[in-house]
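A lone chain, given as structure tokens: the form predicted alone.
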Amino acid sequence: MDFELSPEEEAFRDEVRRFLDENLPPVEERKPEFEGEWQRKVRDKRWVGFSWPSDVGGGGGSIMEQVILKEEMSDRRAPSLGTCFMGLAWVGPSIIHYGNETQKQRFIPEILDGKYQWCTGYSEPGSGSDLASLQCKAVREGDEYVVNGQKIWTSLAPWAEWIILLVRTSSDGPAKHDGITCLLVPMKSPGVDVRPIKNMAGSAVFAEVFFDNVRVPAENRLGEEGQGWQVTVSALASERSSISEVQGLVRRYAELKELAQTTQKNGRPASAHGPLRARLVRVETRIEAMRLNGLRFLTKQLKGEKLGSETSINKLHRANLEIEMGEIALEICGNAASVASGEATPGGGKWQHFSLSWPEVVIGGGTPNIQRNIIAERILGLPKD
């Protein structure tokens, strides 16, 4: 595939770079009010939801322009394009494809403006790797659904205002996923109980969510009854672009190398020790493998082909890299790794926090074991686990 940019794409890259030069100060100079100003400016440029159709408020950008935008933003360590993470990654694309006009007009502008957070009610205690076996149940009563059940590892649930929820409305049909329906539910609905799950770093991005006779208006159903599986597959496909993830890992790896070069171990820079250098080289090689895989995904998208299970390869790479890079950083820090802050702590404790925060990335979107099962079963054709 020829990735040479067209004159129009080169002009767009120049536009993005000019915008960054004019509006993005160095990280150390960014004041508390900068984030709000930044979000207003990128929203005015229609760079939030850049690839979404312009008739719903998106930028109407091409796939290649979106790649350019993500690369330039990540390279300059710009804040995110929009603050409603789940809304932009999963919920918005699902509403665009499956929502009615009322739902689009109600939710899409608020997602683009970042007015509140969404969370995703997918995984359950007994159906993590086999989502189609979920048992959270919804029964239709007149113009409402009554929901009972539980979700777990629900990202952003502790402060989200809405949840895109998968429920079982029927057990009939030849396949387990035939009876799954998607509902849009306010988190403040009576009967919704959110119980945060703290991770090793002390934060609580995930939560258990319990539903006890929660009444949801039928008008909040996304897509047809029993169409929830298709809605979910569409949402997951929208999430699994790895271009910006690779750029982020490249930047983190550069910081890790700098840590190795500036930290002394036995009177020499840590980077001078052979075993550590070998680990760093393996990390760099795997990041490059992710980049090349990302180009394969991009090639398919540019040809108009849909991405499938192959995106699990990069998801697995990233999960492993997050853990490995954290472990390497703590090894470089040595005894200082046990101290979370202070002048003697390299990076002021950021590496300690990084090494404990990997569950947010590793669990979100499917754990490594789930990704291995997907790769084994759907790509390699091995028997089901």
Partner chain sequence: MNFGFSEEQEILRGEVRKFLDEHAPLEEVRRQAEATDGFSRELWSRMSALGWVGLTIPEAYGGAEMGLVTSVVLLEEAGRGLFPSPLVSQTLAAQAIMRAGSDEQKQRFLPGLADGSRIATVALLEESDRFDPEGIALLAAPDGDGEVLRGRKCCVSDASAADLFVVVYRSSAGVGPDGISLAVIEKGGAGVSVDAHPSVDLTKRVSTLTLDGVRVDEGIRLGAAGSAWPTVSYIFDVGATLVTAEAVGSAEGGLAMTTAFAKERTQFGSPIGRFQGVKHPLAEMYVDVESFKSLAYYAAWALDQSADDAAIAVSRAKAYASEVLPGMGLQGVELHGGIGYTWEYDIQLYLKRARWVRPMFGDADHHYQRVAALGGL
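Basically, rigid core = biggest C-alpha set you can superpose within 1.5 Å across the two forms. Residue numbers count along the first chain shown, from 1. Note that the coordinates shown come from a computational prediction; the quantities given were computed from them, not determined experimentally.
FYI, the form predicted together with its partner chain isn't displayed, but the following is about it.
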query: Per-stretch contact check against its partner chain in the model of the complex, the hit in 273-281, 223-231, 95-103, 114-122 (non-hydrogen atom, 4.5 angstroms); finding: 273-281
query: Its partner chain: the contacting residue among Val139, Ala132, Ala204, Leu292 in the model of the complex [heavy atom, 4.5 Å]; finding: Leu292
query: Contacting member of Thr262, Thr285, Ser171, Ser189, with respect to its partner chain in the model of the complex [4.5 Å, heavy atom]; finding: Thr285
query: Contact label in the model of the complex: Val194 to its partner chain, heavy atom within 4.5 Å; finding: no
query: 4.5 Å heavy atom contact, Leu316 to its partner chain in the model of the complex; finding: yes
query: Leu298: touches its partner chain in the model of the complex, heavy atom cutoff 4.5 angstroms; finding: yes
query: Partner proximity in the model of the complex: Glu377 to its partner chain, non-hydrogen atom cutoff 4.5 Å; finding: yes
query: Site test, Leu302, Asn369 and Gly381 vs its partner chain in the model of the complex, non-hydrogen atom cutoff 4.5 Å; finding: yes
query: Ala376: Cα shift of 2 Å or greater between the shown form and the other one (core-aligned); finding: yes
